[in-house]
Each structure stands twice: as C-alpha cells, then as structure tokens.
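Given next, in structure tokens, is a single chain: the form predicted alone.
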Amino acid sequence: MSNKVRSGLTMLGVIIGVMAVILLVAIGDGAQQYISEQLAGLGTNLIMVIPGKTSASGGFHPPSAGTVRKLTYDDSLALKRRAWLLTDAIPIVFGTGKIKYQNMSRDMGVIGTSPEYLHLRSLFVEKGSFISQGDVDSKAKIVVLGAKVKEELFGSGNVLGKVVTLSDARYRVVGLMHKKGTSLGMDIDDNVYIPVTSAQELFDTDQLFQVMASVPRAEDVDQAIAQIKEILIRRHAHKEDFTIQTQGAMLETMNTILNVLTAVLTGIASISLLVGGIGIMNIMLVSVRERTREIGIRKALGARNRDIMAQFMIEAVTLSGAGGFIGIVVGVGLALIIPLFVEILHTRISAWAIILAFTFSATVGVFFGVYPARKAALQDPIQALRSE
C-alpha cells in the first residue's frame, strides 16, 4: 500500500491476462451457442443430400462435377415414397434473380421448393398462402415474397394478386412470409419462394441444388442415411455420386473448429499471465532489496526464516490475487457490454473460465513469489542490519 502506483503496474499484467482469458472463452462459448441456435433454427434432425461425391481423404474437396447422374426431382419423390424413416424429402433449387414491379427492381435469392419446406424450416406465412402440391405439379408461375423483398418493392401496400417479373418471367404473388431475420449469415427475408418445377424452368436446369430430409428422432438418423443411400445408389446406376450431410455432423465440425480456436487464443492470452508473474517476481526482488534492514531487525527480534518467507509470499499472492479479481470484474464486464455494441459478437460467461483464470493467477503469484521470498528468508541478520 505504500507503493500504490508500483503495485498497480505490477498487477497490470495479471489483470490483462485474466481479462483476456475470460473474454476469449466467453466469445468462443457464445459463438458455439449462436451456431447451435442457428442450426436448430433450420429444423431438427435434418439430413441434406447434395449432388456429387465429396472425397473422404486428402483434405476437403467440393462435390465432383463429373457425376454419373444428377440429383433430380424424381429422386426426391422416390425418397419420399420409399424411405419410410423420413418425415419429409424436400426438393430444393436455389439461385439468384432480379425481381421487378413497375419501376422498382432488386436482386434476391430464389428458392424453388415444395409445400413441406414451410414446416421443415419452421417458417410461417403472414398473408396469403404458400406453395401447394398442385402448384408444383402444374409448374405454376406463382411466388411467395420474403418480408424484406416485399417492403422494398411494395412498401406498406397490399401485395396479394400483384404480378411481378422474375428474371423476365411473370409471376403472381400469392403469399407474404412472416419476418424471420438472419440464419448463419443468410437473410431469410431476402428470398422469394416458387414451386420447384417452376424454378427448374426459370434456371433452365433439370437438377436439384439439394434434397433436404428430416427424421422424427435423432437416433433414426444413421438408419435413415442407409435407406437414402440404398435408394439413390440403385437409381444412379449403382454409383454413390452424392454426398449426405447431417445437422449433427455440421454442428460437431463447427464446435471442433471453435474449440481449437478458443484453446489457441486462450493459450496466447495466458502468456500475459506469465509476463505478469515475471513482473511480480521482479518487483518482489526489488522489495527484498529495499527492505533488507527491515528483514534484519525482524530476525534480530526472533523472526524465523519461515516467518520472513511467509511475509513476502503473502505479498506476492496478494498482488496476483488482487490482479486476478480485478481482471475477472473487467473481463465479465466487457463480456456483457461488447454484444450491446458489436452485434456479431455473441458471448456466454462460463464459471469454469473464471475459476480457471483466478486459480492460474494465484498460482502465478505463488510460483513467482517463491524465489524472492526464499532470498529474503536466507538473509544473514548481521549483514541485513548493516545495510543502509
């Protein structure tokens, strides 16, 4: 307390280290929670079938373009009829296009799909209706607008029954989607929905972007994948020219990546704790030198070596412990405040990170306080009393 500035600067390394550890772990855990919520928002127990086979070795490779057969609308119908474990098998065509109404136009995503897509993705129609199976069968030129597309083209006006131009083809608006927001960086409200067969005509293709399926229970996923493979391999000339991805596997991959990044960044942040510990040892050595005469007087009055050692050990642990406490307060405070100003950063405060950071800071104080304290304890009292 007699050297407040020096003590404060000594604790600074520990404060920064503890703060950084807590903050980085909070950001990593928050990112994991955010991704889990976003994937859950896509639906539950999802299975995605993508055309082209992804290599299982030699690193990541995109699906091969040289497929034996494309993934077709008939494939999705076959899965729907024969894969009895699947709740849905929804064909999806995805592309981008320009939508026009009078003198207004804008680019947006175009999703060609079937009626079941609404339930699978937990989406809702605010006005009008969604795509029907009759629309799919008849290749109807109807469109359902996302909330953002509607707002920019029509403002607050009524949209139902209006005719818009979508990539030079005329479509009648039959519905307006309820506002959803963003999911995994994609603005759901910036899309329009048309029948999958109409989308194939619009983009001049006979293949699908993917087939999205779901199962009622998570434990059925593996068996459902086996059914999908059996059906499609038989339809594709006995070649597995498609890739199956599951929601659980996607989440596991993302969590693994985030765990590694969090561990690396936490390790880097921990270096500042070591630097803070070295700072504590340095200042304690200076303190021992400054208080040599005090040590001599205490020893002359009967203080034992362990009493002197305890004095300086307590001081070192107090510095690191106080620094750790302040670091926790600052780290938790920043973790709570940052999301208010930076929306893309999601944080979640973990009790284990706080305990770990504080324990580490206290350990640093003990470890780096031993040498100065031992040096003080081994001082010769006669020599110490002669010190000026």
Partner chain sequence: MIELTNITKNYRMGKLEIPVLRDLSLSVDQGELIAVMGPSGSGKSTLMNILGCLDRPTSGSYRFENREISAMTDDELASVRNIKIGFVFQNFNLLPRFSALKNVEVPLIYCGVPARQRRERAMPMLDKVGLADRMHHKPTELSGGQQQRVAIARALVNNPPLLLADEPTGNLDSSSGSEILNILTGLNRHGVTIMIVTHDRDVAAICKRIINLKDGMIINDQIKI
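Values in this document were obtained by computation on a predicted structure and should not be read as measured data. Numbering follows the first chain given and starts at 1.
What follows is about the form predicted in complex with its partner chain, which we do not show.
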Inset, instruction - Look up in the predicted bound form whether residue 190 has a non-hydrogen atom within 4.5 angstroms of its partner chain, and give yes or no. - result: no
Inset, instruction - Indicate whether residue 179 is a 4.5 Å heavy atom neighbour of its partner chain in the predicted bound form. - result: no
Inset, instruction - Find out whether any non-hydrogen atom of residue 300 is located within 4.5 angstroms of its partner chain in the predicted bound form, and reply yes or no. - result: yes
Inset, instruction - Please check if residue 8 has a heavy atom lying within 4.5 Å of any heavy atom of its partner chain in the predicted bound form. - result: no
Legend entry - Stretch in contact in the predicted bound form with its partner chain, which is absent here, among 153-161, 97-105, 111-119, 290-298 (heavy atoms within 4.5 Å): 290-298
Inset, instruction - Report the residue, out of 74, 126, 307, 252, that has at least one non-hydrogen atom within 4.5 angstroms of its partner chain in the predicted bound form. - result: 307
